[in-house]
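Read the single chain below, which is given as structure tokens and is the form predicted alone.
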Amino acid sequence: MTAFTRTTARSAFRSSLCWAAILWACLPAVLAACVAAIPCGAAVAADPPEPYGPAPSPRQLRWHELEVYGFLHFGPNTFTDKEWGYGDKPETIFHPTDLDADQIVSVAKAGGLRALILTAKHHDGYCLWPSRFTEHSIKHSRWRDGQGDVVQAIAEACRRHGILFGVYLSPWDRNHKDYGSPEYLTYYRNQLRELLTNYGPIFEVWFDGANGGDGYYGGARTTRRIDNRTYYDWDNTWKIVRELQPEACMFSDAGPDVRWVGNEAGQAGETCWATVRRGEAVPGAADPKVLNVGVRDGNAWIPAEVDVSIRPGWFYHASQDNAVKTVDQLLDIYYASVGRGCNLLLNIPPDRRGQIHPADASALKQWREVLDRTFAVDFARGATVQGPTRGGDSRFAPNHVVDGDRETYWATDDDGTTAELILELPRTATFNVVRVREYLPLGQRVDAFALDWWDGTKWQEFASATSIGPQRLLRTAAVTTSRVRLRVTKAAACPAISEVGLFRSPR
């Protein structure tokens, strides 16, 4: 390196040190200027709320989204005019004259049912599939000369029509010779494996709570009692479902995914928590009052399913053709089930042809038409929404309650357990149904809320309720206004609300 080069390098180095010192001295002023340049009210990063209590699993979240699906009670009882078969009828008793799985499924889909659960085996022990483990099945029926498979027919029709399929397998079997002994568990689990491996994806497995009593066990008319808390060894039975159909939810009084609502009238509790205390119930042994309302401080997310029949009975009876529930009755059931955060399992039993009777199909279609008209227009969509925002972060801003996206939500700071939103509607609207949803991955947080409308001079309360969960639907007198206020009056943790919707029912 020459002397000139060394001199030039030293000069450049001293110059860089000088500029570094200048910049370091100016850094506080530069940062202050940058902060001052941030627009007032701009989003600031805030941590999302922590979940409160138990929260749903991914399979339960998918189940919640179904909202309404159907039950198909079908079997020997259809042909004997009974509700609970004794297990003593010959296999030839099952003989649908014109079974049409596509008719059944298309009627269900036209009624807005998003899935169907078939009674693959009811308490009489008769199997609607050709089980390898019993002779008491359709393989000895007259239908299709014993070559048919109802489970397969319905499962395939569901796939063709784009709805989900589930199975009901009664734990009680009034026909099997081993019922009440350990050997029966092996038989029952073999049947469960057949259903879960041969018929494609299963969305729900239904375990009834009826257990033990009179029967025709192995051809002997006797009474057999079991201890329903221990006999079935449920934990090991449930493991089979988890192994073979990991996406399927399991229903029973005790879950483990979905619980009974405690009645067959179509009524969830006015307050209905999705949480209960795990281990306090088993299938067939639970307090209906607890099942109906849940437990606010429960340790397990086991939401309620509301099962009810469109007819007085569960199986088809010609004498009930004029007793199918009316549209208004079905609407009352919808708002007392889906409207209280539960899923609705509506039974539509096939008749002796093997099809849905026209009376049932008509009521179901009319019911769906009313619901479709009700929820066709959300008058809150596009509203301007005012309220507190968690940490000033736009991810939790009030406008998320009207964006039509259930994956976004409004949230307040942790200490904001009582808070309110004001919706300025795009135009004056008349509505009589309000829908409020919580963001379920964060659990049930709100204990009570109220709704007000602006009469031009002051706020007027027009509705209030308690639990929300996946959704709360409130039917009200017709309200005409351009401003609505949601008040969270009590919450266990800061609210996380994903939707506030306003709708008008035609009846």
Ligand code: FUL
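Being a predicted model, the structure only gives us computed values, none of them experimental. Numbering starts at 1 and runs along the sequence shown.
The protein also exists as the form predicted in complex with beta-L-fucopyranose; that form is not presented, and the subsequent description refers to it.
Scanning 357, 174, 400, 73 against beta-L-fucopyranose in the predicted complex with a 4.5 Å heavy atom cut-off leaves one residue, 73. This chain lacks the partner; the member of 217, 367, 314, 334 within 4.5 angstroms of beta-L-fucopyranose in the predicted complex by a non-hydrogen atom is 314. For the marked spot (390, 413 and 499), a heavy atom within 4.5 Å of beta-L-fucopyranose in the predicted complex is absent from each of the three residues. Heavy atoms within 4.5 Å of beta-L-fucopyranose in the predicted complex are found in exactly one of 227 to 235, 206 to 214, 424 to 432, 181 to 189, that being 206 to 214.
Of the heavy atoms in residue 307, some are within 4.5 Å of beta-L-fucopyranose in the predicted complex.
By the criterion of a heavy atom within 4.5 Å, residue 136 is excluded from the residues contacting beta-L-fucopyranose in the predicted complex. Heavy atoms of residue 287 never reach within 4.5 Å of beta-L-fucopyranose in the predicted complex, leaving it off the interface. By the criterion of a heavy atom within 4.5 Å, residue 270 is excluded from the residues contacting beta-L-fucopyranose in the predicted complex. If you take 229 to 268 and check each residue for a heavy atom within 4.5 Å of beta-L-fucopyranose in the predicted complex, you get just 264.
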